[in-house]
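The data below hold one chain only, encoded as structure tokens and taken in the form predicted alone.
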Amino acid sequence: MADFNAKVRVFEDLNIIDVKGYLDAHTAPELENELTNLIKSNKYKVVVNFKELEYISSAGLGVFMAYIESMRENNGDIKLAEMKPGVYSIFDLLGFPLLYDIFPSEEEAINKFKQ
């Protein structure tokens, strides 16, 4: 089984999820659990840092589609940051840059919430 890890850290009023490894159908439930816990805790402003993510499948992309509406309905959002070129190309191929804010750095994603 592919290795995957999702860790949440808090920065001011935001929650940052660091994802690492391979996000696919087998590992997606770990990320789903983190996002579900944030929603249950009324935390709707999320930055996902992809700096250490090596691979994402369509199942991994589906996790973001499943949660974005709940976040936005509660005046929050999911901002994406620090994708490697191979990971970004998957998002780009499926039109995600039209639906999500994707930033080169975590700092830029955080600053977008402050605007």
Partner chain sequence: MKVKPPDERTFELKVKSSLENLAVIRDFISDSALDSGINKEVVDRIILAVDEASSNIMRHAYKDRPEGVITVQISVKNNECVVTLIDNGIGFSLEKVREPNMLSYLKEKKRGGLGIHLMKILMDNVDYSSIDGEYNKLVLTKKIN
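Computed from a predicted model, the values in this text were never measured in an experiment. Residue numbers count along the first chain shown, from 1.
There is another form of this protein, the form predicted together with the partner chain, and it is not shown here; the text below is about that form.
- Interface residue remark: D18 is not counted as part of the site for the partner chain in the predicted bound form, having no heavy atom within 4.5 Å.
- The partner chain is not drawn, but in the predicted bound form it has no heavy atom within 4.5 Å of V46.
- Proximity of K51 to the partner chain in the predicted bound form: non-hydrogen atoms within 4.5 Å are absent; the residue sits far from the partner.
- With a 4.5 Å cutoff on heavy atoms, E32 counts as touching the partner chain in the predicted bound form.
- Annotation for 69-99: interface residues with the partner chain in the predicted bound form are E69, S70, R72, E73, I90, L93, L94, F96, L99 [heavy atom within 4.5 Å].
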